[in-house]
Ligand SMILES: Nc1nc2c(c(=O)[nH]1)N[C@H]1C(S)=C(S)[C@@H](COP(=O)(O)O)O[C@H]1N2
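We begin with a single chain expressed as structure tokens, specifically the form predicted on its own.
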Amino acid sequence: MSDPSLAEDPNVTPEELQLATRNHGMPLEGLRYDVTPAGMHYLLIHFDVPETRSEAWRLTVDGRVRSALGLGLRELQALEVVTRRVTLECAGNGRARLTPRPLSQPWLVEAVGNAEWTGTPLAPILREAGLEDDVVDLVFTGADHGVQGGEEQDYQRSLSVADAMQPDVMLAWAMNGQPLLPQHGAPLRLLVPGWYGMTSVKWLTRIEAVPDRFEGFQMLAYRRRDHADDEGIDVTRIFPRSLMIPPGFPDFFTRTRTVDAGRVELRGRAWSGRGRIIRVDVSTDGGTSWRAATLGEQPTPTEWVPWEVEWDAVPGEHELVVRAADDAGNVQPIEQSWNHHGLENNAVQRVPVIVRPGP
């Protein structure tokens, strides 16, 4: 019997198309911006955008704590305020290129964005609540509610105490200097730099301290499995990826690029949640030979770094390929290994280009 969660047919299903109209990736030309405009930033909404009102919203911090808290938005905004640039990427980025294709949001490579987030650090709030000695996980609950895998649920993810107490984890209420948009989690969301986007729970309403490892649906769903019944490995920090701003101009339907022969500047961004980017290599012949790109400034390990390289383009058909490596020893694979849910797909980007004789 075929697995209903996989598609052998290369055509997308109506259900996938329905998801694709609700969610969107960042147009690759958006890589030119240091900070991704909010409307270009990738977006994934599991259920519905909930109806929330900032003036009535409350965050509850409870469970195994010595002093439960109930905080309104103004109370949070009166605490220490920090602003950080963070690159977020969906764990399913690249899923649509797998064969057979896992049935879910059909991402190609555009599920990414680098925004400037403003909020308050989470750790001082947890210290104020006073975690009991037996606390293992902090469970974060969003206001979005629905059914997935046959289970009715609020969207929930958890972090261990050690991960939740990291100084860069924050509760954010603004994006790029403006209040959060409804689709990006208004009025408050969790932000966990370096981790895949599903961890940064939107429309955050509750933080519960629990004495056991939390294994809710969204924790089990985000495990890398070789097959449906495999116990799997938790998906956590982002593996390195580099993307190129497609050069020249595109064909409307295929997106194949056309450039004029001569000197062409190739540019893009690279990022990793597992270490600083230390190298980006670019190939103009499909991956047969490689050249090191010049890296720009990367102020923090959890935001993307610009890169550039010059190409002496000669007439003909070419395939441009780009790969990144971080200082933890992670390198993008040339070919993607398959897994059941299509997670952690960071294979190299390939850009077909037609070079026409110069004027």
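Being a predicted model, the structure only gives us computed values, none of them experimental. All residue numbers refer to positions in the sequence shown, first residue = 1.
Keep in mind that the form predicted together with the ligand is missing from the display, and what follows is about it.
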**OP:** Verify the contact flag for L295: yes if a non-hydrogen atom of it lies within 4.5 Å of a non-hydrogen atom of the ligand in the predicted bound form, no if not.
**Re:** no
Original post:
Just to confirm, L88 within 4.5 Å of the ligand in the predicted bound form by heavy atoms?
Top reply: yes
**OP:** Could you confirm whether W203 comes within 4.5 Å of the ligand in the predicted bound form, counting heavy atoms only?
**Re:** yes
Original post:
Can Y155 be called a contact residue for the ligand in the predicted bound form at 4.5 Å between heavy atoms?
Top reply: yes
Subject >> Option from 190-198, 234-242, 71-79, 280-288 whose residues, in the predicted bound form, bring a heavy atom within 4.5 Å of the ligand >> reply: 190-198
Original post:
Among the candidate residues L43, V65, V309, L59, which is the single one with a non-hydrogen atom no more than 4.5 Å from the ligand in the predicted bound form?
Top reply: L43
Original post:
Just one of D144, E208, E116, D163 has a heavy atom within 4.5 Å of the ligand in the predicted bound form. Which one?
Top reply: D144
